[in-house]
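Next comes just one chain, in structure tokens: the form predicted on its own.
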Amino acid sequence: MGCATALALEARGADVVLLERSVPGAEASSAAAGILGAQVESREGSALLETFVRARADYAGWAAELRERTGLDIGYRVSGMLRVAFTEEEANDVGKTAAWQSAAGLRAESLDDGQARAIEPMLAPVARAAYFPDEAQVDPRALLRALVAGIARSRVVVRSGVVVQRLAETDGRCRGVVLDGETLEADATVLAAGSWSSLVPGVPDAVPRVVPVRGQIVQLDERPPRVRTMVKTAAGYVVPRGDGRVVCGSTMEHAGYASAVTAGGVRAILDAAIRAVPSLAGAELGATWSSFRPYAGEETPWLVGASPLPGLFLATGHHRNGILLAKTTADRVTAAILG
């Protein structure tokens, strides 16, 4: 959120300083699976559907823009997604989802077992599946490398290894931030600290509190690559990168700031992945990691734009959809700052 917003502001002529306590993208940004799940993350009647679909559509142009600017590929691919059901209850829900999304003008199909496995031959037998051919993905680590490279080629000033002690507030307005031994003044201050956003002193109480929700991920390596389509079940997801890497996840744990990969978490992820795609039982265990989703509550899907404190703008609280909404957030925050 910070890198994308900094680049968007710089492109509009603003002078931007990016503050980072560690290195850009060290937390949730590079730990995510990178699913651009506009449809699979939407619920019937939700006002968020249009935003999600538009955010997904924006990625094709953004990927090309970043490639032209940096020479780096962010792994953007329209690989489609199957949401699969193993029970009759799940099958009814999956079928209804495909029906209302199709009625809303989106590409969505309700498939039986044979039709689903024609799309993904590695899939286990299923009771029903919904297929969303326009769902896409990016490689979050490649995206972060491209954003950081773009910043290196821009006028944005990056200050790493600095800790914001508090927001600088005067006469009811945020005037910048207080660092160790200095005050950095700014016309606009953007809070993009992810799961740590509510720990910054001076953030108004009226801003919903952001808490961490830990997610663990397992990467498997297939040689040769077999799985082609993203698969989502009630218990997890499988995201093939196309080069043999298969990202499987994820847990949803209120574990505070304990960044750990646990035996139980890995077992649950692997059980869900292998149930959906049995051939993954023969894949190599490539890597495991965990990080924190910034969660602001079910009633507050994310915190984007102007805050109750004039001069302070928000780009946080995205929970499971941070990668999907990165460019949209950068554009909306930039628009809010520049009027």
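Being a predicted model, the structure only gives us computed values, none of them experimental. In this text, residue numbers run from 1 along the sequence as written.
Missing here is the form predicted in complex with a small molecule; even so, the following discussion is about that form.
Chemist: Would you say all of A26, R293 and N321 touch the small molecule in the model of the complex, counting a heavy atom within 4.5 Å as a touch?
Modeler: Looking in the model of the complex, the three residues A26, R293 and N321 all sit within 4.5 Å of the small molecule (heavy atoms).
Chemist: Among the candidate residues A33, L280, V53, A63, which is the single one with a non-hydrogen atom no more than 4.5 Å from the small molecule in the model of the complex?
Modeler: Here the answer is residue option A33.
Chemist: Taking heavy atoms and a 4.5 Å cut-off, does L123 contact the small molecule in the model of the complex?
Modeler: No.
Chemist: Considering non-hydrogen atoms and a 4.5 Å limit, does the small molecule approach I74 in the model of the complex?
Modeler: Residue-level check for I74: no, no contact with the small molecule.
Chemist: Quick one: is I151 in contact with the small molecule in the model of the complex, heavy atoms, 4.5 Å cut-off?
Modeler: I151: no contact with the small molecule in the model of the complex.
Chemist: Verify the contact flag for R21: yes if a non-hydrogen atom of it lies within 4.5 Å of a non-hydrogen atom of the small molecule in the model of the complex, no if not.
Modeler: Residue-level check for R21: yes, a contact with the small molecule.
Chemist: I need the one stretch from 155-163, 96-104, 127-135, 260-268 whose residues put non-hydrogen atoms within 4.5 angstroms of the small molecule in the model of the complex.
Modeler: So the stretch in question is 155-163.
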